[in-house]
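We've got the same protein chain twice here, in two forms, each standing alone as C-alpha cells: structure 1 and structure 2.
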Structure 1
Amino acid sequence: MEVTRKKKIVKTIRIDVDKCNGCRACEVICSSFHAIPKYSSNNPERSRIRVIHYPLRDLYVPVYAGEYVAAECAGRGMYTIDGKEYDECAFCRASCPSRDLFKEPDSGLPLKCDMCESDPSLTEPMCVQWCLADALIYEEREEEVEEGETLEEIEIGLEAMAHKFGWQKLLDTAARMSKKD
C-alpha cells in the first residue's frame, strides 16, 4: 500500500463515560441515519456506536465501531473497573469474528463508524447531536497523517466475505448472481 504524508482534518469523537446516562439515543439515530433510504428504519443492532452497559455496576461505555479485523486477538485480557472484572472484548471497537458486535445482523458484514460522512456534510455527527448529555464530544483537529488508501464500505464488506468464503467462491457467486438480473 502506498503511503504518503499530508495534512488532514482528523475527526474524532471524545467520549466522557461519566456523563453517559445509557439512553441509547446514539444507537437509534446512528442506525436511522445509515438506513437506506436515509432514516427509513432504525435498529440499534446496526448502529456503529454501541453503549456497553452494566447498569447495576454503574458502568456505561459508548464504543464506536473501529476497524474490521479478520482474526480474533491472541491472548485476551481482563479489565478491572471499580473492583469488577470485565472481559477485554466487552469494550473493544473492532468488528471481529469472535463476537456479534458491529456486524450487520442479517449479513454479518462488518460495520464501521464513518463519522456520518454525507453530502452536504453535517455540522456534527448524528450521535453527537442526539447526545444531550455531552457524553459524546465532536472534535476536529488538523494533523499530519500517514495516508494510505481508505477503504470504501463496500470494500470492507467484500474483504470480510472473502475472508469467510475465499475470493474464488465469492467471485463465482457474484458472477452467477449478476447473470440472473
Structure 2
Amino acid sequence: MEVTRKKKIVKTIRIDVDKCNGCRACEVICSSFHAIPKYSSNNPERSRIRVIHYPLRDLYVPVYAGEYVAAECAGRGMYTIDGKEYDECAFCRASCPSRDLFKEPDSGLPLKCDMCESDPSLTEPMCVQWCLADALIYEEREEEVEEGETLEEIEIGLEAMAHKFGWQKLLDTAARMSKKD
C-alpha cells in the first residue's frame, strides 16, 4: 500500500459547552436532514449529533459522531476543565460497543457525521446553522495528511454488521437475498 502526503481541508465542529442550553435543535434538524426523503420525519435516534445531559451539574455537552470503533476503550477517566468535571465518554465521538450513541436504531449500523455535504448549497452543517446559542462553531483548516487506502462506506457497514451478527450469518443472508432477484 502506497502512502502519500497531501494537503486536505479538515472540517470540524468546535463545541462551546458553556453556551449549550440543551435545546436539542441540533438533534432535531440533523435527524430531519438525514431522513429519507429529506425532512420527511424526525427521529433523534438517527441524529449524528447528541446532547449529553448531566443533570446534577446542569451541564449539556453536544457531541457529533466520528469514526466507528469496534473495541471499547479502556479509559473511564474524569477531567476537570474550568472547575467542571467531565467523564471521558462525554467528549468521545466514536460509535462503540459500550454505548448506543451514534447507531442507526433499526439496523444497528454506526452513524458518522457527514457535515451535511450531501447538500452542496449549504455552507456549514445544519446543526451549526440551527444552534441559536452559538455553542456549535463550524471550522475548516488545511492540514497535511498521509493518504493510503481507506475502507469504503459499504465495507465499514459490512464490518459493523459482521461484528454484530457474525460473518456466516451475514453471508447466508446475502446469499438468500441474492436468490430473490
Partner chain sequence: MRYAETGFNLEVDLTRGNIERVATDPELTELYLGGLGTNAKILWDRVPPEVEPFSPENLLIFGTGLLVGTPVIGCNRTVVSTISPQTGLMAFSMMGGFFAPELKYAGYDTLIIRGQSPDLVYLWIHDDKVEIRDASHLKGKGSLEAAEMIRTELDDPKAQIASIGMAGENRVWFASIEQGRSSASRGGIGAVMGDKGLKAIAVRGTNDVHVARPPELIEMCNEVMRYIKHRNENPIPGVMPILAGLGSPQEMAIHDEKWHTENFAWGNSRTRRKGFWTEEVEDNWTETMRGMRTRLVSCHNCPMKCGATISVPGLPTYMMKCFSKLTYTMAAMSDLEFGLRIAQSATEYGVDAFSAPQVMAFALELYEAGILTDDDFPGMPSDNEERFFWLLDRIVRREGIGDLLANGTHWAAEQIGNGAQEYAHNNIKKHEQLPLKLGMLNPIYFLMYATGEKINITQIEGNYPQAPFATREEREEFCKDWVQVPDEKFKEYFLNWELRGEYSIPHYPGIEATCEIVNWQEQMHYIDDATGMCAGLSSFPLKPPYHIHNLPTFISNATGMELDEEGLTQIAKRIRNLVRAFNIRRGMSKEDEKPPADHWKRRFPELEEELLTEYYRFKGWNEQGIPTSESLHELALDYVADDFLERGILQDEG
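Basically, rigid core = biggest C-alpha set you can superpose within 1.5 Å across the two forms. The model shown is predicted, which means the values in this text are computed figures rather than measured ones. Reference numbering: structure 1, starting with residue 1.
Q: Just flag whichever of structures 1 and 2 is the form predicted in complex with the partner chain.
A: Only structure 1 matches the form predicted in complex with the partner chain.
Q) Is Asn21 one of the residues whose Cα moves 2 Å or more between structure 1 and structure 2, with the core superposed? A) No: Asn21 shifts by under 2 Å between structure 1 and structure 2.
Q.
Thr12: after superposing the rigid core, is there a C-alpha shift of 2 Å or more between structure 1 and structure 2?
A. After core superposition, the displacement of the Thr12 C-alpha between structure 1 and structure 2 stays below 2 Å, so no.
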